[in-house]
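Just the one chain here, the form predicted on its own, laid out as structure tokens.
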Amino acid sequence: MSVFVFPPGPRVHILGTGHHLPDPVRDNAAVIAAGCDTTADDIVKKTGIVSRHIAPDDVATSDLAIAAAKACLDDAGLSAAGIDRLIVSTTSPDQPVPSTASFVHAGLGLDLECPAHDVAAACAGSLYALDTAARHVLTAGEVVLVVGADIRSRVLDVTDVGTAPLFADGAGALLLGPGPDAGGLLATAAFLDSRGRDKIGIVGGGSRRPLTAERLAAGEQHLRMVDGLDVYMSATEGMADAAARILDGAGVDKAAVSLVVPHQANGRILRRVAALAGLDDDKVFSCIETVGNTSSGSVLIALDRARRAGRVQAGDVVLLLAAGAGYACAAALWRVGDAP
């Protein structure tokens, strides 16, 4: 794992957060009615999810990203003119080329001189993007907008009990910029265990397996989890390990952590991560019951909801954790300044 501890001096601060969840809301009864052979009680027992948000057919990933970004800028009290760089994390781009970031760039009216690009690290992508953005702030003093957005509903097989009840649509955003020595990001971390690259994903549609009539008939365009137990173990152990390593690298005792904001993978994973990492359950923020697993948007949506619920206060130490397909894993440690 690569753990980067930020040096003393001017810090990288989170200047604002925002999120957007589309309508309509799809409850468990609607998931079952669509053809998933399960029960509402079983979905809640296995995932902790009661409902999730699904984007209408005429809404693209960039639309969700733009809405979340605007909410973030409003929270920070800044206009689009103040953005030096844009990084968008997604695994459901508007189209293969160009980047989804280019559509978000246009939608926000960003300046020609503002570079923008996508990052793809599945459910860990937003923290991979945060890690990249923080280094631009640290080395160049830039103000960087990070957006995580996905429309996972478009790639689901509605009959697949392993994925259909779990994944949902949404976007989250945060704004990073330079600030005073007090508060700010303390460390970031990221790693990838590529042995898990075949356990969950979409095999069709890329250069290796271009979609044909036969592959479409075989459902290769859908998200598949081929080894649910291995995915579960990787996510729980990966996030717990990331927590231990980033805290050790930053020299922060786990007892000093005020709040843990993990990827909202499923309810069982959240509880297991807390147990493995030795963190109190009441310090782990969860919104999965009504949001579901929004992939790239997950951590940033949860962080914004935690802030808006009053769970993030000046002086708090907040631990962000994420794990995703690949298997990718990432973490960030943030000491909240006076104006989170």
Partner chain sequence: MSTPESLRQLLRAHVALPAADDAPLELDSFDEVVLIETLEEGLAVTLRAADVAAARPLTVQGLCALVNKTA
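Model, not experiment: these values are computed from the prediction. Positions refer to the first chain, counted from 1.
What follows is about the form predicted in complex with its partner chain, which we do not show.
Put simply, Leu166 is close to its partner chain in the predicted bound form: some heavy atom of it is within 4.5 Å. Residue contact check for Leu229: one or more of its heavy atoms lie within 4.5 Å of its partner chain in the predicted bound form. Residue contact with its partner chain in the predicted bound form: Gly107 places no heavy atom within 4.5 Å of it. Using a 4.5 angstroms threshold between heavy atoms, Leu276 counts as touching its partner chain in the predicted bound form.
At a distance of at most 4.5 angstroms from its partner chain in the predicted bound form, all three residues Thr47, Val161 and Glu237 contribute at least one non-hydrogen atom. Proximity to its partner chain in the predicted bound form, defined as a heavy atom within 4.5 Å, singles out one entry of Arg245, Arg215, Arg154, Arg268, which is Arg268. Site annotation in the predicted bound form: the residue of Lys70, Arg272, Lys283, Arg311 reaching within 4.5 Å of its partner chain with a heavy atom is Arg272. Stretch 229 to 237 is the answer when you ask which of 130 to 138, 83 to 91, 229 to 237, 202 to 210 has residues with heavy atoms within 4.5 Å of its partner chain in the predicted bound form.
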